[in-house]
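Just the one chain here, the form predicted on its own, laid out as structure tokens.
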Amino acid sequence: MKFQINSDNFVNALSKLSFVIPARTTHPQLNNILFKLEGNTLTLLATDLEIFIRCKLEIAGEADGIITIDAKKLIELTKTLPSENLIIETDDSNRFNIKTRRGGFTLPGLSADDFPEPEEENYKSKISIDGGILRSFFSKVMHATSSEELRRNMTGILIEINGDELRVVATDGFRLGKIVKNGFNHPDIADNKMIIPNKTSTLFMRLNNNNECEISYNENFIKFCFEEIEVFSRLIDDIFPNYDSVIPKDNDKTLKVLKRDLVDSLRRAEVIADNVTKRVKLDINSSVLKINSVNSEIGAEADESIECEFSSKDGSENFDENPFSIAFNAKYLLDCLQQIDSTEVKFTFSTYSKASIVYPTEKNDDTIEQMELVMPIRMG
């Protein structure tokens, strides 16, 4: 193998592959990056066996070949090189030689015979989407995924194609993030659901720079293609919870409050709150929201009030005489508020024991609908 490549382009490609290199593995080849040169096309591949990242570069090729090289050593070395053209070649002993203006470096390589490659699946369905939209959707629901392996069906993000809607949903059973793109144009494919592992979603957000993305998938695998990158991943083989059944349809009380005021107050209340429950209590009348947290172990208490608008659907309740009270985990409430890009937020409530829903009060795009659901906790 022999080729020439600009060092900046080389480092950029290697850094993308580094995201999938496992920190620890008993399989030596997983520490490596596969290099395959055919003509002027250099293919780089890395994997942890669950996710594969393939990157293709157009370079000045002189001799075809294939080899695998230790990823950590190669990345550490190339990051220190000045911006210049490199000459890279291998020999019969699987040595990987990098020649620069000032000298050269040699790294030991391994035969590529045992390097795992993604199976070229029969992807039955294919859609295209703006990468910026998908990155945004992933980022706005990821906080609601579960980290408990026993709840495997909740450890990823659901992508659901339902007619002309693209839905992206995550839940851990205590909170739920949902965002919908209406008028989603796609080929004539059947409605589909797939659960994307969190690591795959995170990689997509890191690697895609708001580029148009082609997504191919079947029952078990998904492939994202954009620019020179291909990301292959297994899907989570499980059934996502019936999230629609837990979204209340009869919340009859509405709270409107400035997001900044509420976030700042909740952060202060969280500092005082119990370290385990993070419990904050909200007492709401028609124009004032009172936020309270107590930590009896250290004898600390937070009590703060901010302006709001609060009313019931039929207007029959007098909240100035009988404030509505409900309690939440402050962290969960803050997480959901951070996802909403709106100066003001709207909450809907039913009773102190039923789920609350949070919405933005203004939109930048009328085709996108967003909601956050948060379960209350015992007021005590």
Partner chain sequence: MANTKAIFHVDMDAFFASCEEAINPALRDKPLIVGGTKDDIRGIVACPNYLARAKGVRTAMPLSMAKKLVPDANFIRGTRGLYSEYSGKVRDILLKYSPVMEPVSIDEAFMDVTQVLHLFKGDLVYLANLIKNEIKSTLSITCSIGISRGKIFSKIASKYNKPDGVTYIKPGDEKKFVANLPVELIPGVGKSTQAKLKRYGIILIKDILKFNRGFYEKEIGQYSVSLLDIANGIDKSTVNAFEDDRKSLSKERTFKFDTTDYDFLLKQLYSLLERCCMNLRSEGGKSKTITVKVKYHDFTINQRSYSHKRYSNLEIDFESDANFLLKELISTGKPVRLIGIKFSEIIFESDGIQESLFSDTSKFEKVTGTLDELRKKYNFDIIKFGKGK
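Positions refer to the first chain, counted from 1. Note that the structure is a prediction, hence the values are computed from the model and not measured.
There is another form of the same protein, the form predicted in complex with its partner chain; it is not shown, and what comes next is about it.
Asks: At 4.5 Å by heavy atoms, is each residue in 241, 246 and 375 next to its partner chain in the predicted bound form?
Replies: Yes: each residue has a heavy atom within 4.5 Å of the partner.
Asks: I need the one stretch from 299-307, 212-220, 79-87, 276-284 whose residues put non-hydrogen atoms within 4.5 angstroms of its partner chain in the predicted bound form.
Replies: It is 276-284 that comes within 4.5 Å of the partner.
Asks: Which residue among 151, 99, 95, 234 has a heavy atom within 4.5 angstroms of its partner chain in the predicted bound form?
Replies: Spelling it out, the residue with a heavy atom inside the cut-off is 151.
Asks: Just to confirm, with a 4.5 Å cut-off on non-hydrogen atoms, which of 200, 293, 208, 171 contacts its partner chain in the predicted bound form?
Replies: Of 200, 293, 208, 171, the residue with a heavy atom within 4.5 Å of its partner chain in the predicted bound form is 171.
Asks: Considering only heavy atoms, tell me if residue 147 and its partner chain come within 4.5 Å of each other in the predicted bound form.
Replies: Because a heavy atom of residue 147 falls inside 4.5 Å of its partner chain in the predicted bound form, the answer is yes.
Asks: So, residue 179 and its partner chain: in the predicted bound form, are they within 4.5 Å at any heavy atom pair?
Replies: Because no heavy atom of residue 179 falls inside 4.5 Å of its partner chain in the predicted bound form, the answer is no.
Asks: Does residue 175 make contact with its partner chain in the predicted bound form, using a 4.5 Å heavy atom cut-off?
Replies: Yes, residue 175 is a contact residue.
Asks: Does its partner chain get within 4.5 angstroms of any non-hydrogen atom of residue 52 in the predicted bound form?
Replies: Residue 52: no contact with its partner chain in the predicted bound form.
Asks: If you look in the predicted bound form, which residues in 329-348 sit within 4.5 Å of its partner chain (heavy atoms)?
Replies: 329, 332, in sequence order.
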